[in-house]
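Okay, so we've got the same protein chain twice, two forms, each given alone as structure tokens, structure 1 and structure 2.
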Structure 1
């Protein structure tokens, strides 16, 4: 996105889309290769919500690649936001809610970076974030909405929102600016080598993000055949031509959950919360050293989580289908 441009002009958006190779082609690669699809300064949208279907492995790869100055947007930001702030990969996060999770109280890492002015946290209402992606996905420059009106959330956003009047009813609404991220990072349960993705359970904002973005990097618990995708085309949620890279990454959301596959690694999250609560700077540095800079590969990272934790999270995750 051009610096300072809130909404990408339509012809520029079209030009970027036209330049992408959208033909039916295989695009399987490694996490390291995929990380090169993200440039310093990009606006990166993150799929999932809170501790669900977070593309942790991709964020891990971006931290290891020492990416800088990313502008991040997400529905609700959890510990991956602490990692992005703490590693210096991002100092600007756009979201509706940012903390590790309700049960752990207010994030000390978020507080440390925002209260000191080291990093920016732009707050929009949850639906507003979603409708900004949706407008971007639809190819319109704004979406009228009845929320945020009258609040300080709206007031604080200044010129980033505008008041409009309905030309039919005269009702006053807010115009939300379309959001077309440079890159979207999305983790799913299964996809084929072309990037056709099928999501089980909670969808969050992932479909709109994929449609809105100018590049999509997809990690998947497993790569399935295109034949399997074609057997249930009404389960496909993201079409291949929006996707630029596909990486098979088992446990790609750990320590967060992937619906029906594994639940959050609660003990790991407890430990992270305790050490950042004690000291947001040192606690986060230790976490990054231990789990990001230390392990050489994603397999090494999973080794650190430990087989017991992997098995336990998996058992809890699959239990959703036990009823």
Structure 2
């Protein structure tokens, strides 16, 4: 089986699922404690999409903990992928697109690492990434689809995908291998101490990721009471029995955005893009030294972003609800 498929036999998944503690218990801990749930070489799925609800604080903690050789999967990768490559935390990213954002173009850091052979980048279609997580959440080894048939993406993946014949119609379909991450990192607007998480705005692939992963680490803008969660049960998208750790981290997606709370820190992103465009190696090293290795705590990291930038991003984020 090809290395990139990351498919775990169904019976092994069932065994791991049965061994998990699904009880209703408090799971609040620090970023440093949560980072211990991730081991070198793990497959780690990242929730959110592009610059939306990126679990930046957890990634910051993994960089600080000097994790190595993580396989990363995400629907669309932004600047967090540059951090993961540049720090050596990851040498293998599976996604459908890798760019800081549309306005900054294709990542220079990604190009440097992949073209030099320092890291691996597996590109799938956006829909196929989501359906792979869906297969993982359903506990099936693959998802039969028409997506990517005849495309260059499909052709470049080679043995990563297989053609199968529908047993009912004889139609030729593509079999997408399931994604079952060892750990999922997901950032949400609010959660209770047990791990019941509520999402505002787009959900992206987070619900399937949470169900597909063996362990789930949640960061949340704020921890609320279980009574508050119960008052709006229809907003609870990720249930407690999938979650292993809960960390309250205000501005936990910065410099990316968290819908309804704050918008992206565009000046910060502009600076990062300019640094890495000029020199993807030195620019990334300076960024990591300044914002990851330098600050001792997440509060120190936010201090570096600056009070004015925090206030401005929060004002723009709240205006979505107020206008």
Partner chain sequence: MTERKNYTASELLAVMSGRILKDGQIVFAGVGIPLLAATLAQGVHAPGLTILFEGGVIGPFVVPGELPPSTNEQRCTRRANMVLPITDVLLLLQRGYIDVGFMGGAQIDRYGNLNSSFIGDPDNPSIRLPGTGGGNDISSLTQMIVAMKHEKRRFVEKVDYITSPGFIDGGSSRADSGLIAGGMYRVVTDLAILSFDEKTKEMQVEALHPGVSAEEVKDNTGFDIKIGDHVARTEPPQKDELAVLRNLDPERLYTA
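Positions refer to the first chain, counted from 1. Just so you know, these numbers come straight off a predicted model, no measurement behind them. Take the two forms, find the largest set of C-alpha atoms that superpose within 1.5 Å, and that set is the rigid core.
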Inset, instruction - Kindly point out the structure, among the two, that is the form predicted in complex with the partner chain. - result: 1
Legend entry - Core fit, then residue 225 C-alpha moves 2 Å or more between structures 1 and 2: no
Legend entry - Yes/no, residue 169 Cα shift of 2 Å or more between structures 1 and 2 with rigid core fixed: yes
